[in-house]
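The form predicted alone is given below as one chain in C-alpha cells.
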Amino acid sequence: MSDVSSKQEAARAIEEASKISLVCHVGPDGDALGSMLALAEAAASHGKEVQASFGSPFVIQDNLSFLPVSHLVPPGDFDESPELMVLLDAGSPDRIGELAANAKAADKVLVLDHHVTNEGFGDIAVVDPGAAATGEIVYDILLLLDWPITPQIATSLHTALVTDTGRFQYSNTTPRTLEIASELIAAGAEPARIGQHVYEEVPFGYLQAAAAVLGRAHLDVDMSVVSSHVTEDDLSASGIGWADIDGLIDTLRLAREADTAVLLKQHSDGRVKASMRSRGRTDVGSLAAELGGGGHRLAAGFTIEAELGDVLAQVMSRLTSHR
C-alpha cells in the first residue's frame, strides 16, 4: 500500500529509467488519461524516451481531446518488452486489456492507483485509497523528483482531480485535494477551460440518447434505487458512440428518492457494462467487486455476460448486504 517510502521508490524507478512506457485502464476517464499524460509530459521534458497508450478500443472521449496527446501510440505499437512500464489508475491487470501481455514482459512494473479494491500488484505498487484521484499520486511523485509542473502538466492533473471528485463535490475531496488544485491553477491550469471541455460539450445525439434512457428510468422506492439501460440501438439512432454517454449516469443519479443509481449498457456482443453511483448509504465498490468489477465506495462498475434483467436482479439482490 502507499506510504512515503513507496512513492520514493517509484520516483527512483522513474528517475533511473531511460525509457518509460505508460498505460492506463481501458476506456480512460479524466483521471486515468490526465494522470498518464501528465507523467508522460514530465518524463519527456527530462530526456526520457516516452510512450503512452491504453487497450482497445483506442478512442479518446471528445471531451478529453484537449489534453496533450503527443506521446500516445495505439496499443499495437506499444513496446512489447518495456524497460519500465507504469500502470496508472488500473485496479487490476485485466483493466489494461491486451496490454497486460506487455506488462508481463516488462523489466519492471510500477503501479500508481487509488482504488480501494486494488490489492497491490507489480514490482512497485503505490496504492493510496485516500487520494481523491491517481492525479494526486502523480503530483506527489513529481514533487519528489523535483520536476517543474508546466501549464500542460497542470492542465492534465487538474483534469484528473476535477473529474474524479465530480468538480470537487464528492466525499473523496479533501483539504489536500483542494491545495493541490490551487497549486495546479498557479502553475497554469485553467479551470474554466477545463470545465467547459469536460462538462459543457456533448454532441447533439447525446440529448437524444439521454431522452431514451431517462424515459425508461425506473424508481424502486422500497430499495431506493433508480435504474435504466442503454443499448447500441439507442446510440446508432442518435449517431453517437459509447464514449459519448459516460456522463449519463450522473444525470440518472439526480433522483433525490434514490440512494443508488444503476445504468446498464447493453453491447451487441452479449456484454453488459454496469455503472453504479451511491449517495452514501450503499458501498457500490464492494458490490461491484463481487461481480468481477471494482471502483470506489460511491462510484463503481463491472462487466458481465448476461441478460439485462438478470444483471439488474443480481445487483438488487446484493444491495442490502452492502448497506
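What you are looking at is a predicted structure, and each value in this text was computed from that prediction instead of being measured. Throughout, we count residues from 1 along the sequence that is shown.
The form predicted together with ligand AMP exists for this protein as well; it is not shown, and the discussion that follows is about that form.
Would you classify His296 as touching ligand AMP in the predicted bound form, given a 4.5 Å non-hydrogen atom cut-off? Output for His296 is yes: heavy atoms within 4.5 Å of ligand AMP.
Looking in the predicted bound form, any heavy atom of Thr303 within 4.5 Å of ligand AMP? Yes, Thr303 sits close enough to ligand AMP in the predicted bound form that at least one of its heavy atoms falls within 4.5 Å.
Does ligand AMP get within 4.5 angstroms of any non-hydrogen atom of His158 in the predicted bound form? So His158 does not count as contacting ligand AMP.
Quick check on Thr260: any heavy atom within 4.5 Å of ligand AMP in the predicted bound form? No, Thr260 sits far enough from ligand AMP in the predicted bound form that none of its heavy atoms falls within 4.5 Å.
Residue (of His71, His229, Arg253, His115) lying close to ligand AMP in the predicted bound form, criterion heavy atoms within 4.5 Å: Exactly one residue meets the criterion: His115.
Which residues within 80-103 place at least one heavy atom within 4.5 Å of ligand AMP in the predicted bound form? Read in sequence order, the lone residue that approaches ligand AMP (within 4.5 Å, in the predicted bound form) is Arg95.
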